[in-house]
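Before any questions on how it binds or moves, here is one chain, the form predicted on its own, in structure tokens.
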Amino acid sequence: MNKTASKQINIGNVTLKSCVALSPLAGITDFILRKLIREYSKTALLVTEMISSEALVQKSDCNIAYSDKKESPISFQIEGHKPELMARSAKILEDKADIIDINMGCPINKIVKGQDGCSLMKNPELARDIVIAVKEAVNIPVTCKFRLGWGLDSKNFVEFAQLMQESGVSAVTVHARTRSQMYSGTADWGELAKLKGEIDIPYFANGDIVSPESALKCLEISKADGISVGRASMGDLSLLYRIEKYINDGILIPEPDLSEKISMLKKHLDEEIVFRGEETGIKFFRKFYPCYIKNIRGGGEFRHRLVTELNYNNIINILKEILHNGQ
């Protein structure tokens, strides 16, 4: 058991009973994925996909912000660079959220060229103004997520974290890569250990956490208070729960076998169809197939067939083939 990691984490007036969080993933961590993960883990912090402050203010009933009370504890992540709009969007979400998270780490071009996401690490004063505006607008804790820095020669995450703390955030999550690295290379968990003793608020480590074993190793190397799990959760709804059991109780629950993963896949697909309608739900789900059936015999052919199929019954028949092929 990792006694340091299993303690409660206080984020402002919100007490988390888990050191595990779901990372915000655009187009991935929607209501359905979060709902299904919550069926396994009752205590992990769930985080929504990135929500555009401009889009939300223009249409406050935006589908991307859908939630229900069963998700708690839940953090809503907002994105933008205009303090007033960020504050207004946070206010719209306040009644649904336990925590408001501010995206300062997204590295993709269409986000950073608009001064959003990781570009805020090059403009700390603007990042500070956003935090102050959001803090003044809501009565719940505010956090932020960012990276090591813009480039390998400009790692300013320690100073940035200190400024964010001074501005009023109650916790930070740091992806252990720079913006220039995007998602390539290896996350540098050791760099994150530099935050220990430099800030008084909790920090979560993010990047390359794909199993209970890697989660524990990340905690040990980064000295972080918690870990944030991203893309590995796309093909294993039980991953956050399995990580919690390993970190807190020393119990290593095996990865789901093929039959279990196909069952997860089908339930996930069915829920997306109910939520979005059959055609939209099937199209939305295409990104998940490779995650559920990776490393199987004939996987390439099966993936191609699944992502090009729009008929639900045909999809179910392909899944039966995959099961038969794997036995």
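Residues carry their position along the shown sequence, with the first being 1. Keep in mind the model is a prediction, meaning the values are calculated, not measured.
Beyond what is shown, the protein has a form predicted in complex with a small molecule; the following relates to that form.
Contact residue in the predicted complex, chosen from Pro212, Pro202, Pro73, Gly230 - any heavy atom within 4.5 Å of the small molecule: The option sitting close enough to the partner is Gly230.
In the predicted complex, the residue from Ile273, Leu33, Ile296, Ala26 that sits within 4.5 Å of the small molecule by heavy atoms: Looking at the other structure, the residue within range turns out to be Ala26.
Contact stretch among 297 to 305, 260 to 268, 46 to 54, 277 to 285 - heavy atom within 4.5 Å of the small molecule in the predicted complex: Going through the listed ranges, the match is 46 to 54.
Heavy atom of Asn206 within 4.5 Å of the small molecule in the predicted complex: Although the small molecule is absent here, Asn206 would touch it in the predicted complex, with heavy atoms inside 4.5 Å.
Ser222, heavy atom within 4.5 angstroms of the small molecule in the predicted complex: No, no contact at 4.5 Å.
Close approach of Lys145 to the small molecule in the predicted complex, 4.5 Å, heavy atom: Close contact exists here: in the predicted complex, Lys145 approaches the small molecule to within 4.5 Å, heavy atoms only.
Arg179 within 4.5 Å of the small molecule in the predicted complex, heavy atoms: It does not: once the small molecule is placed as it appears in the predicted complex, Arg179 has no heavy atom within 4.5 Å of it.
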